[in-house]
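Shown next as structure tokens: one chain only, the form predicted alone.
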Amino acid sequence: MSDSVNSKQEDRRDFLKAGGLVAGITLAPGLLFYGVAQSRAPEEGVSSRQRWGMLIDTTKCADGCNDCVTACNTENGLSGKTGPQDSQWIRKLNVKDLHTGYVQSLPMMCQHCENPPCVDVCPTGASTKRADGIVLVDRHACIGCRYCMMACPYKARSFVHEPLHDQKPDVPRGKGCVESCTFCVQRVDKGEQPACVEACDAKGHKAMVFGDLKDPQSAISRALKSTDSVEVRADLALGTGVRYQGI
């Protein structure tokens, strides 16, 4: 083999080594950023002995009230814009009973299903359900195919179209990724309530109850035992973690 060929192969090996180093440097900030976020919510502390859920009393949810939406946007670093290309993790809807004409306002977010269709269709495993029932998207595994958005019957997921700035350090987001309500997992894993629930209580509405569905003594379990509630699209048998009262 000629010296010129040997030289070219050595140059190629050096280039590939340099490329690997650059790739490592490029990936490191994202990996470290993700690591910091996850260190606040270690997976090893998650147990199937819990199942987080939410009960929403629509009779206390006033038309035009957006306190829960505002709190979600502030907590998770969302813009608050409601255009077709903007992220909305929780949105207010008006639902109408076609038989009586009765209209009721309610917040709609990821329902954190027991059998989430978003997880079933995800080709990379980016959509996952934790042992405690919280459904999440790993932005490092998400390829932006949006199959999960098509599979979700609640239209609860958003796609990030534009670069993001001034992000919250414990709520990593990324352009080209799908995202949705996380039940404010960064708060729940520290023993706190989701931001929407906290804001609703602070405003005196008290329309939202969050807690462990498997704990018979939790406030949500007691409320579900004493109150009729429904799942949105119960016919799909998804086993939603979010239940509604008054619809």
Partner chain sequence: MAHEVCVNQGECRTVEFFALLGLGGLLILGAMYAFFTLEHHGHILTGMNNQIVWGLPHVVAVFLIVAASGALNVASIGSVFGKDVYKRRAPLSGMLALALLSGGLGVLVLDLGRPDRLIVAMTRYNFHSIFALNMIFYNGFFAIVGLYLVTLMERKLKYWTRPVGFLAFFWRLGLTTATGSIFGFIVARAGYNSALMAPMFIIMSFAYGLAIFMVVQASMYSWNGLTLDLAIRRRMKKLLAVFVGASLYFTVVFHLTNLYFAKQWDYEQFILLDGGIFTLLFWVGQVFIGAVLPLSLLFINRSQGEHLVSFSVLAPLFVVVGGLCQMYVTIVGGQAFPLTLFPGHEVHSSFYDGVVHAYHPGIYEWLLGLGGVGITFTLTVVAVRVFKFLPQDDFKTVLMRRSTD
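Note that the structure is a prediction, hence the values are computed from the model and not measured. Residue numbers count along the first chain shown, from 1.
Just so you know, the form predicted in complex with the partner chain exists too; it's not on screen, but the next bit is about it.
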item: Heavy atom distance at most 4.5 Å to the partner chain in the predicted bound form, all of 94, 149 and 177; value: yes
item: Residue 77: touches the partner chain in the predicted bound form, heavy atom cutoff 4.5 angstroms; value: no
item: Touches the partner chain in the predicted bound form: residue 73 (any heavy atom, 4.5 Å); value: no
item: Touches the partner chain in the predicted bound form: residue 110 (any heavy atom, 4.5 Å); value: no
item: Exercise: residue 86 in contact with the partner chain in the predicted bound form, heavy atom 4.5 Å; value: yes
item: In the predicted bound form, residues of 135-157 near the partner chain [heavy atom within 4.5 Å]; value: 139, 140, 141, 142, 143, 144, 145, 146, 147, 149, 150, 151, 152, 153, 154, 155, 157
